[in-house]
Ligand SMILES: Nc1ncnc2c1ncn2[C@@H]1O[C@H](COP(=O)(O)OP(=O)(O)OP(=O)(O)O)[C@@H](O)[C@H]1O
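The chain below stands alone, shown as structure tokens; this is the form predicted alone.
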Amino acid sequence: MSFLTVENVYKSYENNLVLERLNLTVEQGEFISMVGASGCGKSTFLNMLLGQESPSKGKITLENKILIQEPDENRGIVFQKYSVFPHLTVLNNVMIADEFTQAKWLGWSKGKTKKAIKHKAQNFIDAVGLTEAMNKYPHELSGGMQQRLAIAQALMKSPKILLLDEPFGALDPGIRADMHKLIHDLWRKNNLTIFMVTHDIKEGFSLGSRLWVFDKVRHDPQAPNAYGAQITFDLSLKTDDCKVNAKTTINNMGQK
């Protein structure tokens, strides 16, 4: 049984078919990099995995159960734009998910429960290298530090899937390299299953264990929205040889 299965999934908006004929299986612990031209459905697919969008046809299952069509604690997400609360410190930003779970009406906990949540949050803050900034507010952090905070937030509920929507696109190259190492280390240590949308194919190759290329294979000049994108290449990146073969495939594709 595969960890996640996509069976004959289509996604359309009225007369605009965005995705079609998606049939995929993903094992737990894989890191899927998703690349392709703008508008080819990568983020739409990510939103279906998150539960913000539903397939127009077909189904997506997680551990043999239909994926719930609303975000839940099984799925964490990190966007390109930092999704943090400006009025809370780093520590409270990371604690807040568990605080709401334990005290839905008040939004904060007390006593032993609060102590346990604080300890758990501190561990994730340490993991992303923000220990010295624990009591600072988001506006006091650099862009890279804010993205580290967003990752700690996403990991707090121990999600089965981590979704990354161009999370490093707004960062300077040096900071981006540090973030690549961070996310790669977190992936390995936590056995996460990651889906990452990126426009940087080098980033896709360097981080992923598998690369999906989204593209349209059918075109009709008279009806440009009649056909959707598919995954035209599904390439293993698990070894250096695999990466070399994958790059050759992509280069050959670009020359056609």
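Residue positions are given as counts along the sequence shown, with the first one as 1. For clarity, every value in this text was computed on a predicted model and none was experimentally measured.
Another form exists, predicted together with the named molecule; not displayed. Remarks below refer to it.
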* Asked: Pick from 201 to 209, 59 to 67, 185 to 193, 30 to 38: which stretch has a heavy atom within 4.5 Å of the named molecule in the model of the complex?
  -> 30 to 38
* To do: Identify, from the list N16, T239, N23, T248, the residue with a heavy atom within 4.5 Å of the named molecule in the model of the complex.
  => N16
* Using heavy atoms and a 4.5 Å limit, would one call S54 a contact residue for the named molecule in the model of the complex? -> no
* Asked: Do S43 and the named molecule share at least one heavy atom pair within 4.5 Å in the model of the complex?
  -> yes
* Answer yes if any heavy atom of E166 is within 4.5 Å of a heavy atom of the named molecule in the model of the complex; otherwise answer no. => yes
